[in-house]
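Just the one chain here, the form predicted on its own, laid out as structure tokens.
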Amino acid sequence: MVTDKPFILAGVMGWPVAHSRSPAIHNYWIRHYGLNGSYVLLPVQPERITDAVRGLRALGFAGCNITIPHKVAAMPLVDRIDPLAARIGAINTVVVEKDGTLAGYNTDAYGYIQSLLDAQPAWRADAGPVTVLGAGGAARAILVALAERGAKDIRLCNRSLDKAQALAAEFGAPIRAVPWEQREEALEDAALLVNTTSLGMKGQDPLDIRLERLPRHALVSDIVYVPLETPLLAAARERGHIAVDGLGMLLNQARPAFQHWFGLLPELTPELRRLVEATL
């Protein structure tokens, strides 16, 4: 079909990247809105990241997502970094601006908060203490997002206490490090429990935590989405908690990135969620 619409090209850059669900998400929106474009896989080895990011302009890309292991390494390769991404310390979205410069953003923070609001529209970050498990890259975005939304007390538990202490020192209040051995005590009076570790993911050990001390009104969130129902979420639902799976964050973080490249903020439809769930 001949069209006078400009062709817009975007993709996801990572190593490995074949497992990514991002092409299914973005190409669904391209079809859904009748746009002229494509979203492709960009497998880039770590030693090639400089060439790859700086080559986006020459290849005619509107931009790309950045995933593991490039989220930090790509930061010095862009010309401008959004203040939120700078605070998080990682980017997951690169935009080729009209003047050819590269801008770096982090949409994970937006994606996480929106996944909570989708599950409980009245959710507030200042409703009570938050317990966050894990101190990796995903935790960085979630900690900053929760703090910026007004969380007053964030208890950060990690298997390596020094990593939790380093993050707490870097970001400051309201984040404080708690030893892994005290993770269940850290559930006392919490309004939100977040698992950002890989524990519970397919092929990984389950997350070892009992929820008896967690108030029944608390939300329980797990950013793992393979499987969609982790042992943590299953245990939470059994106790009557609202449980938020990791697919919501994945879908929502894609929306502002798509808007940067294609010029519209796409909607999350039940059809899209079913399509992505079928790949899990």
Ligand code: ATR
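All values derive from a computational prediction rather than experimental measurement. Just count from 1 along the sequence shown to find any residue number.
The same protein has a further form, the form predicted together with this ligand, not shown here; the description that follows concerns it.
Contact with this ligand in the predicted complex, defined as any heavy atom within 4.5 Å, is confined among 124 to 132, 169 to 177, 93 to 101, 155 to 163 to 155 to 163. In the predicted complex, at least one heavy atom of residue 198 sits within 4.5 Å of a heavy atom of this ligand. Among residues of the shown chain, residue 137 is one whose heavy atoms approach this ligand to within 4.5 Å in the predicted complex.
Residues of 80 to 94 placing a heavy atom within 4.5 Å of this ligand in the predicted complex: none.
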